[in-house]
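What follows is one chain in structure tokens, specifically the form predicted on its own.
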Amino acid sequence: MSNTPVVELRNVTKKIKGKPIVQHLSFSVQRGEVYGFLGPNGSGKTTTIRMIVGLSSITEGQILVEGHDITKSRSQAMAHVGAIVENPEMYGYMTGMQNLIHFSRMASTPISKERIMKIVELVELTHAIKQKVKTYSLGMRQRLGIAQALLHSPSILILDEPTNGLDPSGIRQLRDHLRYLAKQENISILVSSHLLSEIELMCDRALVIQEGKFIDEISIHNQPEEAANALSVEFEVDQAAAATAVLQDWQAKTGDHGKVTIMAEKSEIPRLVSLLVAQDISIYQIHIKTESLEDRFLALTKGGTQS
């Protein structure tokens, strides 16, 4: 089972009043990975998530969760899904523990007190679990919502804009919790967010869709080694014109503030430094320029705005 995708979409289409919202979309989420879901406003991200969690019907195609077709075997598929599609809804007048016990009673299989306490520890709410939820910060409410979604031991946790309204500290705490759940608990996480910098820090891979169509899938943390490929290398020097002349065989381009950019392999950099030093050119800084997730997203969507 370990090599089988936890969630797999096969040629999924969703039409509303004849208008295609999602078109022939296919992707899969592997076990224990954090998978980002990106797209401009109106790209179909939330509609796709609603189909995965069974809140919206599928017009065409197939969605499998742990090998179960969500249309034909809905209960078996949903038993493996934990989700927060909107802000987590909790009873403010009850304590965190009372909320979790209440939701645990709705599960199809019994959930032990020991299981509840383990989840409380996982989301680091032990200190506050006996306090009323109305006293919780937004970040604590988000973590309690994740605890609720994890009660029945799902294989995948699906979060739609989980960082909405959180301050930088809360965002970082949430990110660390999600990475921990994926790597230590082997839970797959599908997360949609408009914060591209957070997706870049949090996710292993990210899917980009636009107008309901697959655009690209980007590897983030598991990128292949680039050492053998040409990299964009920027030198900050005291004589930019002279450095450009020395490095003309490497497509050198002169920039502002004494910066010269070339295309070279990583293994060539020591030699290039020697060439510049031999010409009495002082080097203040060397920077290998990498394309950010935001750069790639904007290039793929032609500047589309994240929802």
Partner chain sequence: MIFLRLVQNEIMKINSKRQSILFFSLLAGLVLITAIIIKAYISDLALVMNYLQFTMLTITIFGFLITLFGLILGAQIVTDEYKDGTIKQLLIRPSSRVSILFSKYLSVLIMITAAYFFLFVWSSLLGFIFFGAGEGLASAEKIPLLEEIGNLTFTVVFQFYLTELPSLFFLATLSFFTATIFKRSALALSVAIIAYFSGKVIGGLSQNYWWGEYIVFNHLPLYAYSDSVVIQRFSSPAYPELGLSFSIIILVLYFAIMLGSSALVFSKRDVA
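Throughout, rigid core stands for the largest set of C-alpha atoms superposing within 1.5 Å between the two forms. Note that the structure is a prediction, hence the values are computed from the model and not measured. Residue numbers count along the first chain shown, from 1.
Although not depicted, the form predicted together with the partner chain is the subject of the following passage.
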item	value
Partner-contacting position among 112, 197, 219, 75 - heavy atom within 4.5 Å of the partner chain in the predicted complex	75
Single option in 31, 253, 50, 266 placed near the partner chain in the predicted complex, where near means a heavy atom within 4.5 Å	50
Exercise: residue 120 in contact with the partner chain in the predicted complex, heavy atom 4.5 Å	no
Any non-hydrogen atom of residue 127 within 4.5 angstroms of the partner chain in the predicted complex	no
is_contact(residue 105, the partner chain) in the predicted complex, heavy atom dist at most 4.5 Å	yes
4.5 angstroms heavy atom contact with the partner chain in the predicted complex for residue 193	no
4.5 Å heavy atom contact with the partner chain in the predicted complex for all of 133, 163 and 176	no
Stretch in contact, per heavy atom within 4.5 angstroms of the partner chain in the predicted complex, of 238-246, 36-44, 53-61, 257-265	53-61
In the predicted complex: members of 8-38 within 4.5 Å of the partner chain, any heavy atom	14
Post core alignment: residue 132 C-alpha displaced by 2 Å or more between the shown form and the other one	yes
